[in-house]
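Just the one chain here, the form predicted on its own, laid out as C-alpha coordinates.
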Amino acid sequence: MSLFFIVIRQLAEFQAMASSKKVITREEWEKRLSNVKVRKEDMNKLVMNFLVTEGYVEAAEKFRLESGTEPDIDLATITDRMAVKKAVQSGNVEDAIEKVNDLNPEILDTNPQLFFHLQQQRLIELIRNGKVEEALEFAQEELAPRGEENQGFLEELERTVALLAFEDVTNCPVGDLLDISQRLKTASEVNAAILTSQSHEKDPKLPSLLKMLIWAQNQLDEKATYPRINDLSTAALEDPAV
(Lines give C-alpha, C1' and ligand atoms only; values in the text may rest on other atoms or scores of the structure.)
Protein backbone atom coordinates (compact mmCIF):
# COMPACT_ATOMS: atom_id res chain seq x y z
CA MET A 1 0.00 0.00 0.00
CA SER A 2 1.50 3.36 -0.99
CA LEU A 3 1.76 6.45 1.19
CA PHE A 4 -0.61 8.26 -1.15
CA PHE A 5 -3.22 5.52 -0.75
CA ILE A 6 -2.88 5.69 3.03
CA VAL A 7 -3.44 9.44 2.98
CA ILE A 8 -6.49 8.92 0.79
CA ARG A 9 -7.89 6.36 3.23
CA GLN A 10 -7.36 8.68 6.17
CA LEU A 11 -9.06 11.49 4.29
CA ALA A 12 -12.01 9.25 3.58
CA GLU A 13 -12.28 8.25 7.24
CA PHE A 14 -12.31 11.85 8.39
CA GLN A 15 -14.88 12.71 5.75
CA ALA A 16 -17.17 9.97 7.02
CA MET A 17 -16.76 11.14 10.64
CA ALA A 18 -17.27 14.84 10.04
CA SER A 19 -20.85 16.07 10.11
CA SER A 20 -19.68 19.68 10.56
CA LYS A 21 -16.44 21.37 9.64
CA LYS A 22 -13.72 20.02 11.90
CA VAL A 23 -10.23 21.24 12.71
CA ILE A 24 -7.61 18.51 12.43
CA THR A 25 -4.30 19.40 14.02
CA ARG A 26 -0.94 18.46 12.52
CA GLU A 27 -0.19 16.34 15.59
CA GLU A 28 -3.42 14.38 15.21
CA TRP A 29 -2.94 13.96 11.45
CA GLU A 30 0.68 12.82 11.71
CA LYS A 31 -0.20 10.43 14.53
CA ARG A 32 -2.76 8.70 12.33
CA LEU A 33 -0.27 8.43 9.50
CA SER A 34 2.46 7.08 11.72
CA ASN A 35 0.17 4.31 12.93
CA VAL A 36 -0.02 2.88 9.43
CA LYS A 37 3.02 0.93 8.28
CA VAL A 38 3.98 1.22 4.61
CA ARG A 39 5.65 -1.86 3.22
CA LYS A 40 8.83 -0.98 1.38
CA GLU A 41 8.06 -3.76 -1.08
CA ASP A 42 4.82 -2.04 -2.09
CA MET A 43 6.56 1.30 -2.55
CA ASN A 44 9.25 -0.34 -4.67
CA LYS A 45 6.64 -2.01 -6.87
CA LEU A 46 4.96 1.36 -7.39
CA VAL A 47 8.26 2.91 -8.48
CA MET A 48 9.07 -0.01 -10.78
CA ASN A 49 5.60 0.15 -12.33
CA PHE A 50 6.16 3.83 -13.17
CA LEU A 51 9.63 3.27 -14.64
CA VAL A 52 8.51 0.33 -16.79
CA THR A 53 5.31 1.94 -18.05
CA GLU A 54 7.00 5.23 -18.93
CA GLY A 55 9.89 3.44 -20.61
CA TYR A 56 12.84 4.38 -18.40
CA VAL A 57 14.70 1.15 -19.10
CA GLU A 58 18.10 2.17 -17.69
CA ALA A 59 16.55 3.51 -14.50
CA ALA A 60 14.39 0.39 -14.18
CA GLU A 61 17.42 -1.88 -14.52
CA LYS A 62 19.38 0.13 -11.95
CA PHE A 63 16.42 0.14 -9.58
CA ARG A 64 16.03 -3.63 -10.02
CA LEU A 65 19.63 -4.20 -8.99
CA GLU A 66 19.49 -1.80 -6.05
CA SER A 67 16.09 -2.77 -4.63
CA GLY A 68 15.71 -6.36 -5.74
CA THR A 69 12.33 -5.50 -7.26
CA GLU A 70 11.65 -7.57 -10.35
CA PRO A 71 9.65 -5.95 -13.19
CA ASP A 72 6.60 -7.79 -14.47
CA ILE A 73 7.85 -7.68 -18.07
CA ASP A 74 11.15 -8.28 -19.83
CA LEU A 75 13.07 -5.00 -19.68
CA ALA A 76 14.41 -5.68 -23.18
CA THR A 77 10.91 -5.10 -24.55
CA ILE A 78 10.97 -1.56 -23.15
CA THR A 79 13.79 -0.65 -25.53
CA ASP A 80 11.76 -1.93 -28.48
CA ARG A 81 8.65 -0.08 -27.30
CA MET A 82 10.54 3.17 -26.86
CA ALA A 83 12.01 2.81 -30.37
CA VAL A 84 8.47 2.70 -31.76
CA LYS A 85 7.44 5.70 -29.69
CA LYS A 86 10.51 7.68 -30.75
CA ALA A 87 9.87 6.89 -34.42
CA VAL A 88 6.33 8.29 -34.23
CA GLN A 89 7.48 11.36 -32.31
CA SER A 90 10.08 11.98 -35.03
CA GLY A 91 7.53 11.63 -37.82
CA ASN A 92 8.93 8.31 -39.09
CA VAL A 93 5.57 6.56 -39.08
CA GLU A 94 6.43 3.89 -41.66
CA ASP A 95 9.38 2.85 -39.52
CA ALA A 96 7.15 2.81 -36.44
CA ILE A 97 4.58 0.55 -38.15
CA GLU A 98 7.34 -1.82 -39.21
CA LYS A 99 8.70 -1.95 -35.68
CA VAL A 100 5.25 -2.61 -34.22
CA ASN A 101 4.74 -5.50 -36.62
CA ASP A 102 8.14 -6.89 -35.67
CA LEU A 103 7.11 -6.80 -32.02
CA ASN A 104 3.66 -8.30 -32.52
CA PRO A 105 1.72 -8.25 -35.83
CA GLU A 106 -1.55 -8.78 -33.98
CA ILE A 107 -1.36 -5.33 -32.38
CA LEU A 108 -2.36 -3.55 -35.59
CA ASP A 109 -4.37 -6.45 -36.99
CA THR A 110 -6.72 -6.33 -34.02
CA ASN A 111 -6.77 -2.55 -33.50
CA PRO A 112 -8.20 -0.82 -36.60
CA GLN A 113 -8.45 2.54 -34.83
CA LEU A 114 -4.76 2.53 -33.94
CA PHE A 115 -3.79 1.52 -37.48
CA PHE A 116 -5.97 4.29 -38.93
CA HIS A 117 -4.39 6.87 -36.63
CA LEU A 118 -0.92 5.76 -37.66
CA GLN A 119 -1.90 6.04 -41.33
CA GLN A 120 -3.45 9.42 -40.59
CA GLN A 121 -0.14 10.49 -39.05
CA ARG A 122 1.64 9.34 -42.20
CA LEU A 123 -0.67 11.57 -44.21
CA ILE A 124 0.02 14.49 -41.90
CA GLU A 125 3.76 14.02 -42.34
CA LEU A 126 3.40 14.00 -46.14
CA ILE A 127 1.46 17.26 -45.96
CA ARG A 128 4.00 18.73 -43.56
CA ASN A 129 6.76 17.97 -46.06
CA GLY A 130 4.85 19.56 -48.95
CA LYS A 131 4.27 16.29 -50.82
CA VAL A 132 0.78 17.26 -51.98
CA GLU A 133 0.32 14.76 -54.81
CA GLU A 134 1.70 11.89 -52.77
CA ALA A 135 -0.53 12.92 -49.86
CA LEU A 136 -3.65 12.93 -52.01
CA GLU A 137 -2.80 9.55 -53.52
CA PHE A 138 -2.10 8.09 -50.09
CA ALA A 139 -5.35 9.45 -48.67
CA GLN A 140 -7.35 8.05 -51.57
CA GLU A 141 -5.76 4.61 -51.59
CA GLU A 142 -5.10 3.93 -47.92
CA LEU A 143 -7.47 6.03 -45.84
CA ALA A 144 -10.57 6.67 -47.93
CA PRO A 145 -11.63 2.97 -47.98
CA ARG A 146 -11.45 2.90 -44.17
CA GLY A 147 -13.46 6.11 -44.00
CA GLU A 148 -16.21 4.50 -46.03
CA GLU A 149 -16.53 1.81 -43.37
CA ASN A 150 -16.34 4.08 -40.35
CA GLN A 151 -17.97 7.50 -40.00
CA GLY A 152 -15.52 8.58 -37.31
CA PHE A 153 -12.56 7.73 -39.54
CA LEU A 154 -14.15 9.65 -42.41
CA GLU A 155 -14.53 12.79 -40.30
CA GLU A 156 -10.90 12.57 -39.16
CA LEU A 157 -9.76 12.04 -42.76
CA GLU A 158 -11.74 15.04 -44.01
CA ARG A 159 -10.27 17.18 -41.25
CA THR A 160 -6.75 16.08 -42.16
CA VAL A 161 -7.17 16.58 -45.92
CA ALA A 162 -8.49 20.07 -45.16
CA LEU A 163 -4.89 21.04 -44.41
CA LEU A 164 -4.27 21.03 -48.17
CA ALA A 165 -6.81 23.81 -48.68
CA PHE A 166 -4.75 26.40 -46.82
CA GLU A 167 -1.52 28.00 -47.95
CA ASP A 168 -0.77 29.15 -44.41
CA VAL A 169 -1.53 26.09 -42.30
CA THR A 170 -0.38 27.85 -39.14
CA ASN A 171 -3.55 29.96 -39.17
CA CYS A 172 -6.02 27.38 -40.46
CA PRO A 173 -8.74 25.80 -38.26
CA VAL A 174 -7.07 22.38 -38.41
CA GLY A 175 -3.51 23.58 -38.01
CA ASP A 176 -3.26 21.79 -34.65
CA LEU A 177 -2.77 18.53 -36.59
CA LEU A 178 0.71 19.75 -37.47
CA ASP A 179 1.60 20.50 -33.86
CA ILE A 180 4.05 18.27 -32.05
CA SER A 181 1.18 17.44 -29.68
CA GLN A 182 -0.47 15.41 -32.47
CA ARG A 183 2.64 13.26 -32.84
CA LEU A 184 2.78 12.80 -29.09
CA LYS A 185 -0.88 11.81 -29.00
CA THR A 186 -0.35 9.14 -31.66
CA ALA A 187 2.85 7.93 -29.99
CA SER A 188 1.03 7.61 -26.68
CA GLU A 189 -1.73 5.57 -28.31
CA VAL A 190 0.82 3.19 -29.82
CA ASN A 191 2.68 2.91 -26.52
CA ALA A 192 -0.55 1.99 -24.71
CA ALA A 193 -1.44 -0.64 -27.31
CA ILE A 194 1.97 -2.31 -27.01
CA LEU A 195 1.70 -2.38 -23.21
CA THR A 196 -1.77 -3.89 -23.42
CA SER A 197 -0.48 -6.59 -25.79
CA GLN A 198 2.13 -7.44 -23.16
CA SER A 199 -0.55 -7.77 -20.45
CA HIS A 200 0.75 -4.67 -18.72
CA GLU A 201 -1.20 -1.63 -17.57
CA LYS A 202 -1.19 1.03 -20.24
CA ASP A 203 -0.96 3.80 -17.64
CA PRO A 204 1.33 3.97 -14.59
CA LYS A 205 -0.37 3.65 -11.21
CA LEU A 206 1.31 6.66 -9.59
CA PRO A 207 -0.54 9.41 -11.55
CA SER A 208 -3.85 7.70 -10.79
CA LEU A 209 -3.03 7.70 -7.08
CA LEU A 210 -2.17 11.39 -7.23
CA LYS A 211 -5.48 12.15 -8.92
CA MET A 212 -7.28 10.18 -6.20
CA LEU A 213 -5.39 12.17 -3.57
CA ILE A 214 -6.39 15.50 -5.09
CA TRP A 215 -10.01 14.40 -5.35
CA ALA A 216 -10.09 13.17 -1.74
CA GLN A 217 -8.55 16.39 -0.43
CA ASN A 218 -11.06 18.47 -2.36
CA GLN A 219 -13.86 16.44 -0.81
CA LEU A 220 -12.45 16.80 2.70
CA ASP A 221 -11.98 20.56 2.25
CA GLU A 222 -15.76 20.88 2.56
CA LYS A 223 -15.76 19.03 5.89
CA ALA A 224 -12.60 20.06 7.69
CA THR A 225 -9.43 22.13 7.88
CA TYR A 226 -6.32 19.97 8.08
CA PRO A 227 -2.65 19.77 7.02
CA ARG A 228 -2.94 19.04 3.31
CA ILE A 229 -0.50 18.18 0.54
CA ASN A 230 -0.29 21.17 -1.82
CA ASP A 231 2.99 20.36 -3.56
CA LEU A 232 2.77 16.84 -5.02
CA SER A 233 6.46 16.86 -5.89
CA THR A 234 7.43 16.88 -2.19
CA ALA A 235 4.24 15.48 -0.60
CA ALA A 236 4.95 17.77 2.36
CA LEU A 237 2.07 18.51 4.71
CA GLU A 238 1.20 22.19 4.98
CA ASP A 239 -0.83 23.69 7.80
CA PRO A 240 -4.07 25.41 6.73
CA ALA A 241 -4.18 29.17 6.56
CA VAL A 242 -5.80 30.64 9.65
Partner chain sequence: MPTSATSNHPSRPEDLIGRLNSAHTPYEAKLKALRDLKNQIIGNRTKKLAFLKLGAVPSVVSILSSAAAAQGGGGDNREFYESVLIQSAAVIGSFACGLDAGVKAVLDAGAFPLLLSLISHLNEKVADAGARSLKLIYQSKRAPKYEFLQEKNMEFLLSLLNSKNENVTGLGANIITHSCQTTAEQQALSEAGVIKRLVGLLGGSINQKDASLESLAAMVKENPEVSAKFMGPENGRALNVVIELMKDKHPRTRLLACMCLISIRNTSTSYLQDSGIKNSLVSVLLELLDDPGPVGDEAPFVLSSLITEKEDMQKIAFNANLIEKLCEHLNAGSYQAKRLQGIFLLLGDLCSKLECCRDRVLDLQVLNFVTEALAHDSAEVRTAACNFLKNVSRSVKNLSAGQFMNEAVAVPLVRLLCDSSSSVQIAALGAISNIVVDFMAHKSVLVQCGGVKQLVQLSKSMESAIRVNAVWALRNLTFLVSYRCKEEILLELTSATLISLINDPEPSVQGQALALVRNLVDGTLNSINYVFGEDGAVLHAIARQLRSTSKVEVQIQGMYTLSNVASGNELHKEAVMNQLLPQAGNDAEKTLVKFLQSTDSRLCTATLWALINLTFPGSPGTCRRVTELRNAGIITQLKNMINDHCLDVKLRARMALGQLMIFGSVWTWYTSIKV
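Bear in mind that the values here come from a model prediction, so they are computed numbers and not experimental data. Residue numbers count along the first chain shown, from 1.
There is another form of the same protein, the form predicted in complex with its partner chain; it is not shown, and what comes next is about it.
Trainee: So, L206, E222 and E238: all three within 4.5 Å of its partner chain in the predicted bound form by heavy atoms, or not?
Mentor: Answer is no for this spot.
Trainee: Does its partner chain get within 4.5 angstroms of any non-hydrogen atom of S90 in the predicted bound form?
Mentor: It does not: once its partner chain is placed as it appears in the predicted bound form, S90 has no heavy atom within 4.5 Å of it.
Trainee: Test of understanding: in the predicted bound form, would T110 fall inside 4.5 Å of its partner chain by heavy atoms?
Mentor: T110: yes, in contact with its partner chain in the predicted bound form.
Trainee: Wondering, does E201 line up within 4.5 Å of its partner chain in the predicted bound form on heavy atoms?
Mentor: It does: once its partner chain is placed as it appears in the predicted bound form, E201 has a heavy atom within 4.5 Å of it.
Trainee: Wondering, does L103 line up within 4.5 Å of its partner chain in the predicted bound form on heavy atoms?
Mentor: Answer yes; at least one heavy atom of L103 falls within 4.5 Å of its partner chain in the predicted bound form.
Trainee: Picking from 82-90, 114-122, 163-171, 69-77, which part of the chain touches its partner chain in the predicted bound form when contact means heavy atoms within 4.5 Å?
Mentor: In the other structure, the partner sits against 114-122.
Trainee: Does any residue in 139-167 get within 4.5 Å of its partner chain in the predicted bound form, counting heavy atoms only, and if so which ones?
Mentor: Counting only heavy atoms within 4.5 Å of its partner chain in the predicted bound form, the contacting residues of 139-167 are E141, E142, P145, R146, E149, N150, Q151.
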